[in-house]
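In the block that follows, a single chain appears as C-alpha cells, in the form predicted alone.
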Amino acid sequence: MSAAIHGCSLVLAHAPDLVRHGSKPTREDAAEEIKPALRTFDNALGYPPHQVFIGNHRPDALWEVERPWWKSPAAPKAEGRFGVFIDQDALYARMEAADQFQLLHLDGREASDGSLSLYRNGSRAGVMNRAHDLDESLSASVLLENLACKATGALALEHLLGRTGFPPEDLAYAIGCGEEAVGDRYQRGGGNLGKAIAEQAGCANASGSDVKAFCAGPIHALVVAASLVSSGVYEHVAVVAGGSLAKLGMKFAGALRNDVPVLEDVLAGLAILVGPPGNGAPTIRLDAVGRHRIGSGSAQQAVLEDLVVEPLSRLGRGILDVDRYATELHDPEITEPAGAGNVPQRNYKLIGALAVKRGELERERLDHFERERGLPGFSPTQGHVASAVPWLPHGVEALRSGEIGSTMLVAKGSLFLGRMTELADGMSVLLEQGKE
C-alpha cells in the first residue's frame, strides 16, 4: 500500500500590531521605530507573493512582475484557490476563540502582573495574561506565540476540510509540525499543538502529536503521515502548522535601512491531507525519501547529495528526471535587504551545479536551471512554512493536470540553533502523478 496527497491549504493572517512582539523587535525595543514602516491590510493583501501563496497566481508569474514586488500590487483578493488572507481583527477573533483558559482579553484593559499589552491600529486593545508567575514557558509572550500558532493552524485545517469536502469527524490523526515548543517548565517541548489544532477545527475523532525538526519539520511530518497511511495504521492523516509569531519583524533592521516596508507582518498556516492513493491524488514515493545522514557533514553539497542525488539514484534516476524542485522558498524581498541574498536562487544554483558535475547538465544551461526546474521565492520567512510546502498545492494541481509528472520537496534545517549539535538537517520526498 502507498499514500497520496488529497489536498493542501495555505492561509495568511495580517498581524501588524503583533510585529512588536516578534523576538527581535522585542529584544531591540523597536515598536516605535517599526510603526511607520508597517503595511495596511490592502497593501499586504495585494502583495504579489501573498497572492501566489493563497493560489490566485502561479509562482512563475512572479518572474514576470517587475521588482520590487511591494511597489507592484496585484488585484487584492482575500480568497484564493488554496487558501485565504484574513485581517488582524479576524485573527484576534480566532485567537479569542482558541483561548480555552481565558488568558486573552481584548477589552482595552491595561497590562499588569506580567501580562502583555496588545494593540489594534496602534491603540491599546487589551492584554495577554501569563498562566504562572514563575514559569517562563507559561509567560504571556510564550503563550501569545502558541495561541497565534494554534489559531492560524486551525484556520488552515478548516479551510482544507472545506475545500476537499473531507468530513472533520473522519480525520483520525493530526501531526503538528510548527516551531513552537508548547509545554511548561517541566516539559518545555511537551507539545501536541497537532491535537489542539484538530480540536479547534472540530475533528472530534482525531488524535495527534507533534514532529519537531526546525525548518525541515513539515517534510519530516509529511513522510511520517504517509508512512502511517501506507502501513494501514490510519486511513487519513493531516499535517498541520500555524505561524511563528516570534519571527514577525525578524529582519526589520535591514528593511528600514533600505527603505523597504516591514514585510514580515503576516502569520502563515498550512494543512495537508494525506490518505490512500486513488482519484488522481499525487503519490508520495516512500521509496524515494532523502535524509541528511549524520556522517555526511554540513557542507551544502553534501546535504544536497543526500537529499537529491541519493534518493533519485535508488530509483535509477538523475537530477533532470524531476520536473520541478521546491526548496526553501523564502521571499527574496525580505532576505535581500537583510544581507541574506536570494535563498531559493542559491539552492537552485547548487542543485544545477550538482547536475553539471555529474554530467547530466551542460554547463551553459546552468543559468537556465532555476527557471526550468525551480521556483521564485514567495513565502513569508516563517521558517518551517517556507520549506517547500508553499509549492505543494500548486504542485498537486500541476500533477493532477498532467502539466508535470514529478516534483521533489527539499527541506533543510539548522539543528545548531538549539546548541545541542553542530549538525545540519534535511529531508526530501518525491511526488508523482497519481492513478485514477
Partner chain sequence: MDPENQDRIKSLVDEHGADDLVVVLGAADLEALEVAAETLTLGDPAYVGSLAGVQLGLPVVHILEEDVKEQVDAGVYDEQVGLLEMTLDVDQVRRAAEKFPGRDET
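As the structure is a prediction and not an experimental result, all values here were calculated from the model. Positions refer to the first chain, counted from 1.
Although not depicted, the form predicted in complex with the partner chain is the subject of the following passage.
Query - in the model of the complex, segment of 191-199, 294-302, 98-106, 224-232 with a heavy atom within 4.5 Å of the partner chain - result: Stretch 294-302 is the one.
Report task. Using the partner position in the model of the complex, report whether residue 71 sits within 4.5 Å of the partner chain, counting heavy atoms only. Result -> Residue 71: no, not in contact with the partner chain in the model of the complex.
Query - Touches the partner chain in the model of the complex: residue 165 (any heavy atom, 4.5 Å) - result: No, residue 165 stays farther than 4.5 Å from the partner chain in the model of the complex.
**Report entry** Contact of residue 350 with the partner chain in the model of the complex (heavy atom, 4.5 Å)
**Finding:** Answer yes; at least one heavy atom of residue 350 falls within 4.5 Å of the partner chain in the model of the complex.
Query raised in the report: Quick one: does residue 93 come within 4.5 Å of the partner chain in the model of the complex, counting heavy atoms only?
Result: Although the partner chain is absent here, residue 93 would stay clear of it in the model of the complex, with no heavy atoms inside 4.5 Å.
Query raised in the report: Only one of 356, 78, 320, 315 has a non-hydrogen atom within 4.5 angstroms of the partner chain in the model of the complex; which is it?
Result: Among 356, 78, 320, 315, a heavy atom within 4.5 Å of the partner chain in the model of the complex occurs only for 356.
Query raised in the report: Which listed residue (366, 111, 131, 256) meets the criterion of a heavy atom within 4.5 Å of the partner chain in the model of the complex?
Result: Exactly one residue meets the criterion: 366.
**Report entry** Triplet 33, 36 and 67 all within 4.5 Å of the partner chain in the model of the complex via a heavy atom
**Finding:** Not a single residue of the candidate spot has a heavy atom within 4.5 Å of the partner chain in the model of the complex.
Report task. For the stretch 401-436, return the residues whose heavy atoms include at least one within 4.5 Å of the partner chain in the model of the complex, in the order they occur. Result -> Read in sequence order, the residues that approach the partner chain (within 4.5 Å, in the model of the complex) are 419, 422.
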